[in-house]
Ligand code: PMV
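First comes one chain, alone, set out as structure tokens in the form predicted alone.
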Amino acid sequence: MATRLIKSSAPGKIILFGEHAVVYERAAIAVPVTQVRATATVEPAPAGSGLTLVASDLDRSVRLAVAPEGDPLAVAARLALAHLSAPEPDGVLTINSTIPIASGMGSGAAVSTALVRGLAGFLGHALRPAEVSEIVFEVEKIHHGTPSGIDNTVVAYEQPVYFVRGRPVEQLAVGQPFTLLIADTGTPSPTGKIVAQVRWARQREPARYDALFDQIGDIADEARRAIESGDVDALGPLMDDNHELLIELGVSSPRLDDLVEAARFAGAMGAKLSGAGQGGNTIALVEDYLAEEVAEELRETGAVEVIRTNVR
């Protein structure tokens, strides 16, 4: 039986380019956001007590043995134990998270990643990022129905990634660090529902939507070249173009558009929604000396929180 306390954590994330198109095998780019994290703490419990899962932010706990079949925490724990061919340990696993829920920042993937890593560590195992990502992808199906796989990938690897569904993940080398502001609308963004809406729309107009997905994928490819070469100036216009295509997909909202316009007005190099849309976050590329000025404009326009992060 494990006898020591184990802690593990995982970052939030944002999608820089490629939302929705990534579900249809086009390219996307995502980066971790280390300013917000999910943390799992696992400590021993008396022999025979089994594993108790505690979601302290939600004020709930459940024993793994009696947890509902579709409970995401229980599914993550069961998949991890099956992957390790390990019996249920006697312990208490507590999850805390500072990542906003339903905001496109990978809260579900981060919680699952922290849990899987913590449980594996409690049992004396160190899992590779690819193993963690594979387990967490299965949990993501509960949250999102038909996930692309990008959330679990960037969170598990904790590095900027270039991602095409069905291909090996590629980690990005950032040629020149750049600064992003993440402005939370305060409106939930139900990823599964919005992905389903886009799927239904594509079924009605496949040629139109595939053309939009192609353009979004091409932008992601251009952005990869800019990021790796250190051409930060090229990223702003690409973000603007990507946002216009997301508007055409029908996944933006007046509030998101207002924040995009506010960021640009205040001097951002480019801005777009990030994630599924219809809520969640706007992201803005800014020069460091203008970061606080742009952040203040975003707050005045209605952002409930603005997070500053550096991509490197």
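Numbers follow the displayed sequence, beginning with 1. These numbers were taken from a predicted model, which means no experiment stands behind them.
Keep in mind the form predicted in complex with the named molecule is missing from the figure; the text below concerns it.
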Query - Among 213-221, 179-187, 142-150, 199-207, the region lying within 4.5 Å of the named molecule in the predicted complex by heavy atom distance - result: 142-150
Requested in this report: Would you please decide whether residue 91 lies within 4.5 angstroms of the named molecule in the predicted complex, comparing each non-hydrogen atom pair?
Outcome: no
Requested in this report: Find out whether any non-hydrogen atom of residue 191 is located within 4.5 angstroms of the named molecule in the predicted complex, and reply yes or no.
Outcome: yes
Query raised in the report: For residue 23, is any heavy atom within 4.5 Å of the named molecule in the predicted complex, or not?
Result: yes
Query raised in the report: Taking heavy atoms and a 4.5 Å cut-off, does residue 32 contact the named molecule in the predicted complex?
Result: no
Requested in this report: Find the only residue in 172, 195, 164, 81 having a heavy atom within 4.5 Å of the named molecule in the predicted complex.
Outcome: 195
Requested in this report: Identify, from the list 53, 276, 259, 286, the residue with a heavy atom within 4.5 Å of the named molecule in the predicted complex.
Outcome: 276
Query raised in the report: Does any residue in 101-116 get within 4.5 Å of the named molecule in the predicted complex, counting heavy atoms only, and if so which ones?
Result: 104
